[in-house]
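The chain that follows stands alone, in the form predicted on its own, written as structure tokens.
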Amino acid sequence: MKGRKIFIKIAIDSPAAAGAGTIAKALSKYYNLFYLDTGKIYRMIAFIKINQKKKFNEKFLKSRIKKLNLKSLQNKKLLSDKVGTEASLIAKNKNIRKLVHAFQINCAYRPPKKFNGSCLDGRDITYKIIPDADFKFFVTANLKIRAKRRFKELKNLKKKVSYSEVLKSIKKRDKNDYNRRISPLRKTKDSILINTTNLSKRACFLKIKKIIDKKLIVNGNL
């Protein structure tokens, strides 16, 4: 990585609504890393499938992924439970995963030069996308806490949804994520477990920052 003083790769896996995205964004901002929420890519594909069923095929999807930009992944419509459930089903498709993986790996290993590295969060980042990551974390939280967080998030977006519906949706997504045959969600032996159930956003950030800084100091990068 010519031109960079340091190059840090952070990989984070987590079930839905555990807080991984919030943590990853904070870490990326602090360490000046290129951030990619990989789950948003599958949500985007799900959104396309739901709204463009007649055009949806592998060739069409390949062309859309090539044109993918980070701004398009910020679409608030991607946060709906319907899109989330469809995304977890799409993630089982071997051909779609190949297309998405290529995009993710490029972001992880070849981010724009202005960044000091990359930070990706998703379901198979620690062992499939960045197996040689400098830092690996598995972020989780109690199921009901996760459902409450997602419910609050959706209510803030003026979505008409009940807590019971959100809880049911997250249970279904967990089942799909943990049990799919291709790249299932799992904690690797070398991933550090971070349980956010009783931690504030700030506390989570500081806990992980301490772990990262300690290693960077030892390696002479801080």
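Numbers for residues come from their place in the sequence shown, where the first is 1. Only a predicted model underlies this, so the values are computations on that prediction, with no experimental measurement involved.
This protein has a second form, the form predicted in complex with a small molecule, left out of what is shown; the following refers to that one.
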| item | value |
| --- | --- |
| Residue 149, heavy atom within 4.5 angstroms of the small molecule in the predicted complex | no |
| The small molecule contact at residue 133 in the predicted complex, heavy atom, 4.5 Å | no |
| Contact label in the predicted complex: residue 108 to the small molecule, heavy atom within 4.5 Å | no |
| Contact flag, residue 38 vs the small molecule in the predicted complex, heavy atom cut 4.5 Å | yes |
| Contact assignment for the small molecule in the predicted complex, among 180, 187, 49, 64, heavy atom within 4.5 Å | 180 |
| Candidate stretches 86-94, 110-118, 69-77, 136-144 - the one whose heavy atoms come within 4.5 Å of the small molecule in the predicted complex | 86-94 |
